[in-house]
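Before any questions on binding or motion, here is one chain by itself as C-alpha cells, the form predicted on its own.
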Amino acid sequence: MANYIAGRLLLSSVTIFLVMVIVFVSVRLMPGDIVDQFLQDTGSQPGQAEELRDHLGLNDPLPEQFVRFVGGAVRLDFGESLWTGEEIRGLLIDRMGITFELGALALIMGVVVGIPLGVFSAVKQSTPLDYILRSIAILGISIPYFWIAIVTIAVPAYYWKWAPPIGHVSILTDPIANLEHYLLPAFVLSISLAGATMRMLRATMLEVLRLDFMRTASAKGLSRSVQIRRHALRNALIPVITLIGLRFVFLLSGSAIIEQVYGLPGLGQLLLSSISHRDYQVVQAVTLLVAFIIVLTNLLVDLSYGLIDPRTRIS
C-alpha cells in the first residue's frame, strides 16, 4: 500500500509539473498582455509600454520567468496580482472557500438525490416509475446548467417579481443568509450530478442484482431491504464513487459561469476576470490550484475503493 501511494504521489508530482508548463506557455500565447489592458484607455507615450513591461518583469527571458513561477509555487508564494496589486495567496484563500462551499453543497444535494433514486429505479426496473425517473435523469444531464441558472432568475422575476439573492454572505456572519445565497446555485449545479449518479448506480445495481451471491442471500432468507443495503448497494458503489469524484472536480472547475450568474466571488469568477485582464500571475495560480485539487481528488477516490470493498485493497 505504501509503495502504491508513493508511486501515485510521484505520478501526481509529474502531472502538476506538466500542468505548470502548459499553463505558463498558454497564457503567454494569448494575444496582448496586461500592459495593453492598462494603456488601452489612457493611451501611452513612446516607450512607456516597454518600460512598464520591464517593471513588471514581462520582458525577462521566459526560462527565468518560469523558474520564478515554479520557485514561488513550491513556497506557496504566487506574488502579487499584476492588475490589482493584491497578494495572490490571500486572494486564493478568500475565493477558495466560496467555491468549495458551493461545490460541497452541490455535491451533497446531487448524491442525496441521485443514490436513492438510482437504487429505487433499479429495484423497480421496467415499471412506469422507472421510465419516468430515467427520463428525468437524462433531462437533467442534457440541459446546460447555465441555461437552468438563467431560467431560475428570469422566470420568477418576470412572473412573480421575485429574484434570488445575488452575491455572497459569509456563513460566519449570517448562516441563514449564506444558505439563501448558495441554495439555488448549488441546486442548479447538482442537477447534472444527480442525473449522472442515478443512471450509473441503476446500471451497476442491475448488474449486481443478477449475480449468484444475491441469489444466495435471498435463499438464506434475508429480507429484500437487507439484500439491497448490505450486499447490492455496497458492491455497486465503486463505479459511482469514481463518477462522484470526477463530478466534484467538475463542480469546482466548472462553476465559473454559475458564480458569474449569481454574483458569487469564487475562484471561477476570479479566473475569468484575470483572463480578461491578462493577469498572468493570477491565472497561473488559480489553474495550478485547480489542478492540485483534481490530482488530490483522484488519489482519494482510488484509496476509497478499499474502504468500500476490501477485495480492492492493495497490499
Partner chain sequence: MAVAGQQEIAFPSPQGRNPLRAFVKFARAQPLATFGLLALVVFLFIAAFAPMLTPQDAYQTSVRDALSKPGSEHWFGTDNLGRDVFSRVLLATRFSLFLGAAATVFAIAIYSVLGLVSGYVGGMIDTFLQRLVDAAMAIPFLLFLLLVVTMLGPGFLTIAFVIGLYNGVTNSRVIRGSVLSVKREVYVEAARSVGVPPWRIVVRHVLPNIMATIIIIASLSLGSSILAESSLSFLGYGVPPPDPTWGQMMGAEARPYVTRGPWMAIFPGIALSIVVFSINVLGDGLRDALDPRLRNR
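Numbering follows the first chain given and starts at 1. Note that the structure is predicted; figures quoted are calculated from it, not measured.
As for the form predicted in complex with its partner chain, it is not shown, yet the points below apply to it.
At the 4.5 Å threshold, heavy atoms of residue 290 reach its partner chain in the predicted bound form. In the predicted bound form, its partner chain stays beyond 4.5 Å of every heavy atom belonging to residue 169. Residue contact check for residue 199: one or more of its heavy atoms lie within 4.5 Å of its partner chain in the predicted bound form. When contacts are judged by a 4.5 Å heavy atom cut-off, residue 35 does not count as touching its partner chain in the predicted bound form. Site residues 87, 100 and 233 are none of them in contact with its partner chain in the predicted bound form, judged by any heavy atom within 4.5 Å. Of the candidates 154, 176, 93, 76, 154 is the one whose heavy atoms come within 4.5 Å of its partner chain in the predicted bound form; the others do not. Residue 146 is the only one of 146, 187, 83, 120 with a heavy atom lying within 4.5 Å of its partner chain in the predicted bound form. Partner proximity in the predicted bound form, defined as non-hydrogen atoms within 4.5 angstroms of its partner chain, places exactly one of 105 to 113, 236 to 244, 178 to 186, 130 to 138 at the interface: 130 to 138. Contacts with its partner chain in the predicted bound form, taken as any heavy atom within 4.5 Å, map within 263 to 293 to 271, 272, 275, 276, 278, 283, 287, 290, 291.
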